[in-house]
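Okay, so here's just one chain, in structure tokens, the form predicted alone.
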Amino acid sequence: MSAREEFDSWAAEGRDKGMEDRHWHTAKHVLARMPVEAGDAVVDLGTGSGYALRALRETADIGRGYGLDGAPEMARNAADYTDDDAVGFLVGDFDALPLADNSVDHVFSMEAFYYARDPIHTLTEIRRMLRPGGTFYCAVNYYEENEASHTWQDNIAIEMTRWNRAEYRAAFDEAGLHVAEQDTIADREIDIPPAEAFPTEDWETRAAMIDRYRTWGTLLTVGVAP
């Protein structure tokens, strides 16, 4: 199954809203760190339900938002959820981003970058789109240090890239993006039951659940275009 088919089926089942709810726990903290100003143009790669751009329109009054998704049903749902002429949704491939050189101020991606078939090339495409001083805020939960995420590949037919922190920094550097920040953001909204409740359906021990959500959470890597 292709990425398009996989995520079209997720959208048809309404799983895009479920992803929004889960991702928002840490995505809101990533968005709050972005140095967006009124009138800026922002791209959301792997936009899903489009929640990030709606949030930035409300909190930062961005001038234009472009939500890109490889799945037409995802993009269609996002457009249906969004009543704002300043935000548009595009169907496109991470390997050939459909925006002009030096045309956007910031790029955001939450839990999508690792689906890129050629992640180094995707980073060079992001660098191409960004204006000088523009930023890429890349947030992932699937990464090497987060051991609980290692089994995720078994549950999806799409090949995913699992880098560690150093590999993310090296890839950003290779693509011409200066790494200005790298941090982990804990998910403090997931309720973790007391020790006597374990094992649960999803977790053998409380310590493993704490490690996944509180210790590692979301890896954020921030790149800046020269």
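Keep in mind it's a predicted model, so treat the numbers as computed, not measured. We number the residues from 1 along the sequence you see.
The following text describes the form predicted in complex with a small molecule, which does not appear among the structures shown.
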Q. Thinking of the small molecule in the model of the complex, which stretch from 98 to 106, 80 to 88, 142 to 150, 111 to 119 has heavy atoms inside 4.5 Å of it?
A. 111 to 119
Q. Would Leu130 show up as a contact with the small molecule in the model of the complex if we use heavy atoms at 4.5 Å?
A. no
Q: Give a yes or no for Gly67: in the model of the complex, does one of its heavy atoms lie within 4.5 Å of a heavy atom belonging to the small molecule?
A: no
Q | Partner proximity in the model of the complex: Leu220 to the small molecule, non-hydrogen atom cutoff 4.5 Å | A | no
**Q.** Residue contact check: Met74 to the small molecule in the model of the complex, 4.5 Å heavy atom
**A.** yes
